[in-house]
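Form predicted on its own, single chain, as structure tokens, below.
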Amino acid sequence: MADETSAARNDARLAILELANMISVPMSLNAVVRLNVPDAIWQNGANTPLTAAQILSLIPTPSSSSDPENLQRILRMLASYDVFAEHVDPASSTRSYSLTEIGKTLVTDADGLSYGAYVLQHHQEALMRAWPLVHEAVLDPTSEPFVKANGEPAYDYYGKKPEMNALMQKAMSGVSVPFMKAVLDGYDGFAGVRTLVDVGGSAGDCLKMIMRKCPSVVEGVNFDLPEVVAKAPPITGVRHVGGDMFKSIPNGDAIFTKWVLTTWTDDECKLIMENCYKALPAGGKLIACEPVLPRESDDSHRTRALLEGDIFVMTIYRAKGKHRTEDEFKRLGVLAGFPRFKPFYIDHFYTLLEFQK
């Protein structure tokens, strides 16, 4: 073993301690979202640096025993991850906090959306029960850790829990809206499409945005599980259709999906894509938005986010569901019958994948 006083060994010990304590990061994010800290700091765009005590005075449900020191401890840690900017008064050493670009993703917009719901959705009790069982996905990949912890698959579990289903929809909307704004500014693949089917469209937010931006799309079909579309709001020009994508998919000139293929095995993805192929006319397109893994691993934020998401899928949704590389998606498309494939790298996390019939 190397000299324990060497810089290399000191760095190694520090790194493993950081990794072992990494749970502090997502759970602290969960805490500041629950406390409405980002909205309290934002104050309609002022983003004035506030002390922990000032923040507590602005949250909706403070208690007489609320502890500004403990809140400051959370804020300091998250500032080290660039969620908050820390400002230290040189005279008094008082610390105050404002939002960084990362922190702003947690601010509630005019439609009541933010990435905050995505944070909360990931850290619900049923999901947290699955994480100590990640090793089981290695020992027995026939059943994901969520099933081992909760007795049934995640989507079935959500379907029986209205509050979880509602949070899932809000989380997906909060993620989808800023992503779709980027897509619609940088992608013209919806031009000429008249009928667009969104498979797994949840509340229909993506369809609504596409139809506003692309006047050629005059009919939208929001296709999802019956219990999901039952709660979807009315949208002009959109039909909400309940069904099972493993059995059939409504016909359209183009089919749009977002974060659908990722949560299924290769065989299940092939079946979904085959059903998409059957629902399209000659020349029609399946436009899939999916996380696409790089060919090689590195320590960039993008690679880490994609690989971490891959483990989330493995743990919660499908032990053999996964994030895939570009080549793996292309191969699935060919197996499903699509002869043409083209990726579009617009967003840092999601990639647009065109499969043309």
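Sequential numbering from 1, following the sequence displayed. Only a predicted model underlies this, so the values are computations on that prediction, with no experimental measurement involved.
There is another form of the same protein, the form predicted together with a small molecule; it is not shown, and what comes next is about it.
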The stretch from 67-75, 172-180, 232-240, 130-138 that lies within 4.5 Å of the small molecule in the predicted complex, judged by heavy atoms, is 172-180
Whether Pro291, Arg324 and Phe341 all lie within 4.5 angstroms of the small molecule in the predicted complex by heavy atom:
no
From the list Val107, Ala149, Val221, Val228, which entry has a heavy atom within 4.5 Å of the small molecule in the predicted complex?
Val228
Only one of Ala117, Ala279, Val260, Ala79 gets a heavy atom within 4.5 Å of the small molecule in the predicted complex. Which one?
Val260
Tell me, yes or no, whether Gly284 is in contact with the small molecule in the predicted complex, where a contact means a heavy atom of each within 4.5 Å.
no
Could you confirm whether Pro145 comes within 4.5 Å of the small molecule in the predicted complex, counting heavy atoms only?
no
Might Tyr157 be said to contact the small molecule in the predicted complex, defining contact as any heavy atom within 4.5 Å?
no
Non-hydrogen atom contact Glu125 with the small molecule in the predicted complex at 4.5 angstroms
no
